[in-house]
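Only one chain comes next, encoded as structure tokens, the form predicted alone.
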């Protein structure tokens, strides 16, 4: 990988490599854009196949956070961190404390929180070494449930736009990945009478979903091809690619995973197939909204955060309408909406004292 060329192409500001021999920490922090404010984005812990894969994930995720914060109307930039390791085996207090010291060294340019493979308990260790951490239990807590709630609202908005009804009863929804976000999403969907198809890497959560929701287990490599009303990717990214696109059996793609499209050009492929795509950085924006409310002058207020998350459906309808009016993919419409706000704020002159 030619790292600086990749950073140039994706318009990144900074890429930081963090290594601690004692704890075994191997972390990468990517800061994409700080036009709107300090870069906010969670820390993902994953057993990447290679260091190049970890770098690419950090770059793509941080760029998505810039667009997500802008689309949600937040005064925050985009960043993301990845830690190479097994989240079920490799966590230690020493690792998180070492990581927190690296975050502190960035002087507030990057604020971290939970993501895939990390929890509020992990962030508590990080907070012992830095003030630049959010999603703590005594503040907004784990953002996953709010991300799930926003995704649920986005699914209903997508169905309403396509069918004229938000009713989930009898709808078949395929949820790929039922971790901390996907499982809570299933709770919302099941409560309204949806039939759930689920896949995951861990048998224990699958069995729990069968018992609690009457869900049907599907092979993770084939769940995208199931006949359903909504395919909801809630695991890792790039699930929509050249192989899976022609196999999709859904009318709508609407899920919480980041970077669902392996390539941006696939958004046109979805449109050509008549599949309504809810852009990932919009429908999964509930978590960043929740975390951002920690920085309000009056302190965190869950009611106010949820009220803003409820607007995700309105953002999606605006994007869908623009997409149809201008005959462009929904992803392009969402990108333009986010980029327009960044450009407007960038033109505001700073008053120097």
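The model shown is predicted, which means the values in this text are computed figures rather than measured ones. Numbering follows the first chain given and starts at 1.
In what follows, reference is made to the form predicted together with a small molecule, a form of this protein that is not presented.
Asker: Mind telling me which stretch in 140-148, 159-167, 71-79, 91-99 gets its heavy atoms within 4.5 Å of the small molecule in the predicted complex?
Answerer: Careful reading of the contacts points to 140-148.
Asker: Residue 178: heavy atom within 4.5 Å of the small molecule in the predicted complex?
Answerer: Although the small molecule is absent here, residue 178 would touch it in the predicted complex, with heavy atoms inside 4.5 Å.
Asker: Even though the small molecule is not shown here, does residue 249 get within 4.5 Å of it in the predicted complex, heavy atoms only?
Answerer: Because no heavy atom of residue 249 falls inside 4.5 Å of the small molecule in the predicted complex, the answer is no.
Asker: Counting only non-hydrogen atoms and a 4.5 angstroms cut-off, does residue 115 reach the small molecule in the predicted complex?
Answerer: Flag for residue 115 set to yes.
Asker: Hey, in the predicted complex, is residue 44 touching the small molecule, heavy atoms inside 4.5 Å?
Answerer: Answer yes; at least one heavy atom of residue 44 falls within 4.5 Å of the small molecule in the predicted complex.
Asker: Just one of 235, 196, 261, 270 has a heavy atom within 4.5 Å of the small molecule in the predicted complex. Which one?
Answerer: It is 235 that has a heavy atom within 4.5 Å of the partner.
Asker: Tell me, which of 257, 230, 186, 111 has a heavy atom within 4.5 angstroms of the small molecule in the predicted complex?
Answerer: Exactly one residue meets the criterion: 257.
Asker: Does each of 38, 62 and 125 have at least one heavy atom within 4.5 Å of the small molecule in the predicted complex?
Answerer: No, none of 38, 62 and 125 comes within 4.5 Å of the small molecule in the predicted complex.
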